[in-house]
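Starting off, we have a lone chain in the form predicted on its own, written out as structure tokens.
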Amino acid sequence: MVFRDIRQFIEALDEKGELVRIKQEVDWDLEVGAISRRAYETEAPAILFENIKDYPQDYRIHSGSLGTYRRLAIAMGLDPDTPIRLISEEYERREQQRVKPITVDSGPCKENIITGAEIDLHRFPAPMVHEGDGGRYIATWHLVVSRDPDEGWTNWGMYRFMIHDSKYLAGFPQPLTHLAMVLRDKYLPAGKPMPVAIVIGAEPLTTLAASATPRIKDEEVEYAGALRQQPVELVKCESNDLLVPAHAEIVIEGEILPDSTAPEGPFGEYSGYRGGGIRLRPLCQVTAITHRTSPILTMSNMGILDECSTAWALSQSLAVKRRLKSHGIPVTDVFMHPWTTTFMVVVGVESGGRKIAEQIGQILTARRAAISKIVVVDRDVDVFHPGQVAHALATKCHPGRGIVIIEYEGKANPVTPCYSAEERKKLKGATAVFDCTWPKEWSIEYDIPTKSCFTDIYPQKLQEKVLRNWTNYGFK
């Protein structure tokens, strides 16, 4: 099933027992955040807050759209119990079949149009997500639309935005993202404002596509169409020429000013730590707001386990797999486990050895180095199984020659918790590659030990007999 909008998806979650509707009044100031954070960490259902303090009861907040792989499966029209490996395979299959969007004259996001003196960001129940945050974050699970002014290609990305006052936002596009590069290289030198549109409450796969990592000039809206297996319907903004998903809940149109900044942060990051401190960030002036009647504000409560740990990590894993394969690395599978967010990736290869491990490290740190730990395993290790990965790391990675360290400056991920303040400022860091593969020169007969597990140490016929009789033995 293709979901037209977030409302259809919420109904599907409800039908499958993956939604809690909270009808009692909750406070946008930390209470919404605390409830949603606890839900993520206990893998509880997604939430629809239906009664927000200080706001009309038809103004709602939805948290946790894709906070588990069960919900990602539902969003993709799959059975909720589909194994992660099969979800990944289906995601990868769809991703390769781009679907161009279509433009429509209007859509539900135009039901209410606010311009001029009527613009007020506080009309929406933007939450104070974490204690210690720099302010109320209205954009945490969303997409930001921008365009290259010279070449005309459109970028979708997910860059957080905090309310500065009723008509201004402070945003944080990380330095090596496409929006940041176009802003720095095209708009700022020309002294021109950069038109943007912040889209909140789009259908979940459409939002997810904004966190994909295609090559620069590739358009994420086509990835969204691929994942949905249906074109995204786009409609023109009111105050600029950008196109946005017609079935979104809220669209905040604006322009990033070339000569103004504002304090932003700190914020509870997807790393699982409060990070960033207060920094002067790009200031965005709101030029118009459109929204559906009875709008739903979508949010992701960044921290340990969230959409970054599941849906976003799966998208990043497949981007890593594509990149390595394009360089001739014999990759089998790639996966970022939820508890490691996107700071560690497990790479499975047909055959390994230190040379392959070094190549993988160099490829994944050549342009930007968001990943600080890379675990390389042989094909007998299931990259989706945390226990098998931990066992390989503990038993196959030589503590001396099995670890490759690559240091760099100017391309590190500034929200990596283990980096010092000075390293974050200079984008300086390092990536460790853990070679958990058997050396190529080792022989199967004499050097490589037999794994003491069911599939390796027992005869095939005996394995088949045991599996056939498993329930007869009394096991479920």
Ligand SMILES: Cc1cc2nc3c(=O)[nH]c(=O)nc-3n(C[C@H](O)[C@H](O)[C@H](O)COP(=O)(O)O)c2cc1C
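For clarity, every value in this text was computed on a predicted model and none was experimentally measured. Numbering starts at 1 and follows the sequence shown.
The form predicted together with the named molecule exists for this protein as well; it is not shown, and the discussion that follows is about that form.
Asker: Checking a candidate spot here: are His178, Thr213 and Trp312 all in contact with the named molecule in the predicted bound form (at least one heavy atom each within 4.5 Å)?
Answerer: Yes, the whole candidate spot contacts the named molecule.
Asker: Name the stretch, out of 127 to 135, 300 to 308, 271 to 279, 192 to 200, where some heavy atom lies within 4.5 Å of the named molecule in the predicted bound form.
Answerer: In the other structure, the partner sits against 300 to 308.
Asker: Taking heavy atoms and a 4.5 Å cut-off, does Asn155 contact the named molecule in the predicted bound form?
Answerer: Looking in the predicted bound form, residue contacts with the named molecule include Asn155, since a heavy atom lies within 4.5 Å.
Asker: Indicate whether the named molecule has at least one heavy atom within 4.5 Å of a heavy atom of Asp333 in the predicted bound form.
Answerer: Asp333: no contact with the named molecule in the predicted bound form.
Asker: Do Thr290 and the named molecule share at least one heavy atom pair within 4.5 Å in the predicted bound form?
Answerer: Because no heavy atom of Thr290 falls inside 4.5 Å of the named molecule in the predicted bound form, the answer is no.
Asker: Can you check whether Thr206 is within 4.5 Å of the named molecule in the predicted bound form, heavy atom basis?
Answerer: Output for Thr206 is no: heavy atoms all beyond 4.5 Å of the named molecule.
Asker: Please identify the residue among Phe172, Phe384, Tyr187, Tyr91 with any heavy atom within 4.5 Å of the named molecule in the predicted bound form.
Answerer: Only one option qualifies, and that one is Phe172.
Asker: Could you work out which of Arg85, Lys167, Lys110, Arg368 is the residue within 4.5 angstroms of the named molecule in the predicted bound form, going by heavy atoms?
Answerer: That would be Arg368.
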